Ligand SMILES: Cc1ncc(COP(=O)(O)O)c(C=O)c1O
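In the form predicted alone, a lone chain appears below as structure tokens.
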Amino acid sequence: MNRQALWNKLIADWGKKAPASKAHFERASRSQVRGGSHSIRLFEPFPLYDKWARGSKVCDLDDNQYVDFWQGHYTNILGHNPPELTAVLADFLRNGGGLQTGFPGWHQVELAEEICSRTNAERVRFTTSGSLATLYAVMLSRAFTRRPLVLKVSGGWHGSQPYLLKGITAYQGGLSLRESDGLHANCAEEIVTTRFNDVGNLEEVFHRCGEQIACFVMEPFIGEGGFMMVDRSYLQKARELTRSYGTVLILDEIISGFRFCVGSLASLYGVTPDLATYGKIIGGGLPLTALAGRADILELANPKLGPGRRVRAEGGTFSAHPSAVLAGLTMIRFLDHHKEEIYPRINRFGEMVRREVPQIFARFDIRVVSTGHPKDHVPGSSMAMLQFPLQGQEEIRYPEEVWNPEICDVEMREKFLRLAFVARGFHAAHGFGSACAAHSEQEIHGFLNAAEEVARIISSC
């Protein structure tokens, strides 16, 4: 394959389709860092700038419409701006609510009760981002245990926060590098990594330094690390080891919470963590996250404790924003009332993509392996990521394989494929992303047809 020729063709196709986005990118780059404020949205050579988004579609500055499988970082399980939420928010604004007030707000307790009842948590503290939620979880754990070390799964992304910016995507003989400058001097030594779904490695790490580990942070459905579901045996061993060593088990369910059922993914495994973080879906499209779990740990954020014991997990000005809380409450109740319709539908769409796309690419002698499959007690999955293995693997099992350029063609998945699909009217991340309730079967078939066209283009270069 002539990769430069392929890239030049993809750039040309995209430039013809979206000249207004290109011009806007050039303007935005003069006042913003590379034309925006979130790196993953700013794909090369220039991103799509949206004018409106409704349901399954997004419209750009050239009035092109795209079927969107990114759906706000996998937030919009009902699609963009669903009327079930926007009508409630519009009424809230008309009646004197909606913007920040600086008061607790009476809807907040209702949402906290919904989350506690559906995740087996005892207390909830709301904030505005996954980064803050996981930061507070680690701070509380270190204060609670009086221990220095943080254990995380290599390949796990838990936001831009100083306790977990190690071992994410930068591959150098493994996923164990510190991935940001500007961190405290001992950061690399205080963050320990272990391999996802590797029980033996997890046991070895706890045997070596378990008495010093404050918390073990992991996603039961790993996102940036490759869309892989935790093994039941691994999650149970994590719960067993953390209890045995007095370590706080933190499950990052920013992506997985309310994605696979109306509640936590961990509940399908019969495991209750000490702390968990939830976001994306629980905010209904507005900035809201929740740190939930044991009362004795979360009560360390109580200001009555005073200096020396208190953790300043304050949340910030816009924590539990009234509109975000109402949107989240509306979302969870709507999902509960329609769960028998929504989850089977989006899971079926995810399964279609995971099953059909590898077969389509195989017809052009291109190996593709789909990740995002359900397992154990998880009945289905609406998620899919496309991997391009270089060594004939039938299965991709670890984030180390996903990000090792000698095992998977990372550039094809992350760079080439995104541009190829968006130029053909489908906005996808990591090869696909997630299905939502607003997608139609016709749109899924349209994506499969686009996959065939993309495969043909790749094979011809």
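Note that the coordinates shown come from a computational prediction; the quantities given were computed from them, not determined experimentally. Note that residue numbering follows the sequence shown and begins at 1.
Same protein, other form: the form predicted together with this ligand, not shown, and the subject of what follows.
Residue 118 falls outside the set of residues with a heavy atom inside 4.5 Å of this ligand in the model of the complex. By the criterion of a heavy atom within 4.5 Å, residue 275 is excluded from the residues contacting this ligand in the model of the complex.
Contact between residue 159 and this ligand in the model of the complex is found at the 4.5 Å heavy atom cutoff. Of the heavy atoms in residue 242, none are within 4.5 Å of this ligand in the model of the complex. Just one listed stretch, out of 334-342, 151-159, 199-207, 165-173, contacts this ligand in the model of the complex at the 4.5 Å heavy atom level, and that stretch is 151-159. Residue-level contacts in the model of the complex: of 255, 265, 291, 384, one residue has a heavy atom within 4.5 Å of this ligand, and it is 255. Among 283, 226, 350, 130, the residue placing a heavy atom within 4.5 Å of this ligand in the model of the complex is 130. In the model of the complex, not one residue of 393-424 has a heavy atom within 4.5 Å of this ligand.
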